[in-house]
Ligand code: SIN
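Single chain ahead, written as structure tokens, the form predicted alone.
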């Protein structure tokens, strides 16, 4: 374990949620507790060198681009301090995979940046947040750890591979076919794969203010689909569309035709899968451009960054 400070940045979520009854796992209010209260609820953290700050108190289903930029700025500032060994970010589970992917693609992380969360509120009889937070701090102080990571349910994920696969079970996350990076048990890290390689997107060099980000939306293909949503988005001036296709990225003919109209109008289209596991394998002749292994939310972030980089190249 490295010596040094672990900087904790709280953003809200279920891990900071409270309910009137300890057996209420769905009727709680998210983002009620600040960073100090989260640490105080974990006795083994007493005496550890931890600095805390509450950036926002947000239910992560309401996460926005401006908060992403603020979080990225604060994490970068902490990483730049020589005395900081790593950073922990507490977050809601709903958009944890999106924030993790955004940070992976836009933040240089030579030290560990560990996101964690909880499926049960802090007031629950069997709250999972305290153990997840303890594991996250342990991982943030681990020798040699680096990159954007997620500590959740005793497992370590690469931020670029995370996806939420269940709405209420404690084991709510997966890394898909890649598998977890390691496990955390009784304060001990067992690592199965190398730490994630840094994969900064070119747009990371100069991200504009959130209000200048290109609008990119996700449209889901399904039985009986029409092109109405894509046509409406095109009329509204979106710059990019991710089509979440069925199975291995297959797309209803009406969605496909509307997507072609959008492309001819200058909208950039990518094709992902609505399945959380597997992604899109291969590229069928004539098919819409593939997002590969990325989930639809990840593909949306990647397309936004592509459009930001393209716009910067034109300036």
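Since the structure is predicted, the reported quantities are computational estimates derived from the model, not experimental observations. Positions refer to the first chain, counted from 1.
Below, we turn to the form predicted together with the ligand, even though it does not appear here.
Contact with the ligand in the predicted complex, judged as any non-hydrogen atom within 4.5 angstroms, is confined among 177-185, 113-121, 140-148, 230-238 to 113-121.
Using a 4.5 angstroms threshold between heavy atoms, residue 159 stays clear of the ligand in the predicted complex. Proximity of residue 94 to the ligand in the predicted complex falls within the 4.5 Å heavy atom cutoff. Using a 4.5 angstroms threshold between heavy atoms, residue 288 stays clear of the ligand in the predicted complex.
The ligand in the predicted complex is not approached by residue 54, whose heavy atoms all lie more than 4.5 angstroms from it. Contact annotation: of the candidates 259, 39, 33, 58, the single residue with a non-hydrogen atom within 4.5 angstroms of the ligand in the predicted complex is 58. Residue 164 is the sole member of 151-165 found to place a heavy atom within 4.5 Å of the ligand in the predicted complex.
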